Ligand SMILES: Cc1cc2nc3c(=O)[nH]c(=O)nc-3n(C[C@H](O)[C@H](O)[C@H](O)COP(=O)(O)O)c2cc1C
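This document opens with one chain alone, in structure tokens, the form predicted alone.
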Amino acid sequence: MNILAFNSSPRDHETSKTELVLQKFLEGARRAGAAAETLYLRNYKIKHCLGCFDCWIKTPGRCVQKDDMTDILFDRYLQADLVVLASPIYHATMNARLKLLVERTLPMMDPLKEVPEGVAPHRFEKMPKVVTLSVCGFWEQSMFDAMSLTWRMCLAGDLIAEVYRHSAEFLSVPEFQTLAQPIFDALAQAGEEVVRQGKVQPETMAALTQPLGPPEILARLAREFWSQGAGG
């Protein structure tokens, strides 16, 4: 299996929790025999979708704009067996950088094609399956609800797993490493299961979303963390 991950975090590798969680997941995927590569969207120039629908009518399957999405990322997406779309939570959903990428995948759809309910009207015969992955600093798993709804509506049957980790800022704190290790193990297990089984088992999902402590303590620590100007 050829896996291509798109990481939209603006942070560097040392501070990005999206990167931390993503690479744990890909570690397990590689353990199951997959080849995995990560592209960092901060390194690419992606223009806004113009809403012109030329990619549906005038130039079917190809955007009229010339940028890194058209010249590089669009074809790389289609060539993968599995795509991982990774973003931190910004205002209850994916960040703007990943939204740019997603909007520019519009040429992959054919609005004139009749398909059963719950199936995306793909223009191309071969389309990758998709895993969505996200982190947030808040301590409630419900922070991912809005983004999850978006993905399920947009990706339909192509979406095979959603991997979301709350309280992510604590995963790299030394004092939390004993509690974090089972979560890292579960993330790797999720990557392995996606490759071998095409899904994440419920018990693995429960393990990777388990709390790191009582919500009131996590809330207090998070507020202290943000008050120091950390994050971004």
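One rule holds for the numbers: they count along the sequence shown, beginning at 1. If you're wondering where the values come from, they're calculated on a predicted model, not measured in any experiment.
Here the subject shifts to the form predicted together with the ligand, a form of this protein not shown in this document.
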{"item": "Proximity to the ligand in the predicted complex, single hit among Cys154, Ala92, Met127, Ile72 (heavy atom within 4.5 Å)", "value": "Ala92"}
{"item": "The ligand in the predicted complex reached by all of Val135, Phe138 and Glu169, non-hydrogen atom within 4.5 Å", "value": "yes"}
{"item": "Stretch in contact, per heavy atom within 4.5 angstroms of the ligand in the predicted complex, of 73-81, 115-123, 138-146, 155-163", "value": "138-146"}
{"item": "Any non-hydrogen atom of Thr15 within 4.5 angstroms of the ligand in the predicted complex", "value": "yes"}
{"item": "Contact of Gln23 with the ligand in the predicted complex (heavy atom, 4.5 Å)", "value": "no"}
{"item": "Sequence-ordered list of residues in 24-43 near the ligand in the predicted complex, where near means a heavy atom within 4.5 Å", "value": "none"}
